[in-house]
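In structure tokens, one chain follows: the form predicted alone.
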Amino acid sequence: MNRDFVFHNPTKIYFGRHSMLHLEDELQKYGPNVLLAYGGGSIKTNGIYDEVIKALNNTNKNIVEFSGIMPNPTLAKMKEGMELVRTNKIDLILAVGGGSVIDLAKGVSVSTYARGDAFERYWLKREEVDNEVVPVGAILTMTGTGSEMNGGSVITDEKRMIKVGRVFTSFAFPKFAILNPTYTYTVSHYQMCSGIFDAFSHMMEQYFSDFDNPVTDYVLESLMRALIDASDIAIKDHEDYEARSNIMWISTLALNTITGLGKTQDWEVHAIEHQISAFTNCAHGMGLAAISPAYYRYILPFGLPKFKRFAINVFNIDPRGKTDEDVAREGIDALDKYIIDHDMPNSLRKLGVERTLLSKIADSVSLGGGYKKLTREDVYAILFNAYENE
């Protein structure tokens, strides 16, 4: 570990079939006014809503509902939540849902009492938060983002057509998170697969960023292999508890900051995908799947040793009698096949992105990169290759 780091994660995790039993104890720690944040209403049909309301009533909370949070939460929706928090003097934001709901809850949390334009200050200018922050609790119903145990908040400004992520430090992490794998059973096959690849992408973004970091790289390789094994089972049987619980915990570990310690990290696939979904409103994980093979083939020559290691240690590619580049490319081919075999799009064409959008998307991407610093022309070439990938 050649890089200094600070690790602090204050989120308390309750994991398992009976994790909801701890909700009332957590609610007792906060004032009477609770903002109940959730999405399109599926929690009302699968019974989770009733469980949460019972716990809130048993602890004598005043409930303010904040529903209709969309898969790519918008700035307008965040402002709606901020107004509810101010008007009702909210003591706790309880986010029930997947990463989008929890991301928006954290956005509302840090923005409500900001001086000036919070999105401009905190997401675009990356200023430090200097105001009161409203506590957030999370009940996870869809895996993938890791938002239940980190400070990330991705918000789309629909007027400017930009999707921007900001990672806040530990003060913005959920105070507690309830992770019951059975709550993910009713998530659609499409969204389950999208969440699986979101978690896989988080690990690749951190893995493909240094040539060697023994401890963190071995952790990432183990988690990626475990996710491959669990997803192979879950895609055939959505209610295999062991597989779904493994996917849930892997997704949390993939982005609770521990798998990025001591590494520079890349995040260019996410930067490109954010703008794809800003223009198309696609599912985040599916957008990542569509762009990843093309991106990694493009930068492979600049990080060849790590791509060779990935091929051997994650996808079990046999290196005997092959060049390093051949082994590395077989690894990306295996990733491509994994995407197809798990009902995900491996190209922008299959995702439904119109070719005429590629130039606009390339123009809007904030340039970065790890092994290779990208230019606008590089981004367009990656988008074009991703469109044509078969």
Ligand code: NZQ
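In this text, residue numbers run from 1 along the sequence as written. Nothing here was measured: the structure is a model prediction, and the numbers come from that model.
Absent from the display: the form predicted in complex with this ligand. The rest refers to it.
- No member of the trio 82, 111 and 174 reaches this ligand in the model of the complex with any non-hydrogen atom inside 4.5 Å.
- Only one of 360-368, 339-347, 22-30, 65-73 places residue heavy atoms within 4.5 angstroms of this ligand in the model of the complex, namely 65-73.
- The listed set 98, 107, 137, 287 contains one residue whose heavy atoms approach this ligand in the model of the complex to within 4.5 Å, identified as 98.
- Note on the partner interface in the model of the complex: the residue among 213, 141, 209, 259 having a heavy atom within 4.5 angstroms of this ligand is 141.
- Proximity of residue 252 to this ligand in the model of the complex falls outside the 4.5 Å heavy atom cutoff.
- Contact between residue 131 and this ligand in the model of the complex is not found at the 4.5 Å heavy atom cutoff.
- Although the partner is absent here, residue 310 is not a contact residue: none of its heavy atoms lies within 4.5 angstroms of this ligand in the model of the complex.
- In the model of the complex, no heavy atom of residue 170 sits within 4.5 Å of this ligand.
- No residues of 317-334 lie near this ligand in the model of the complex, the criterion being any heavy atom within 4.5 Å.
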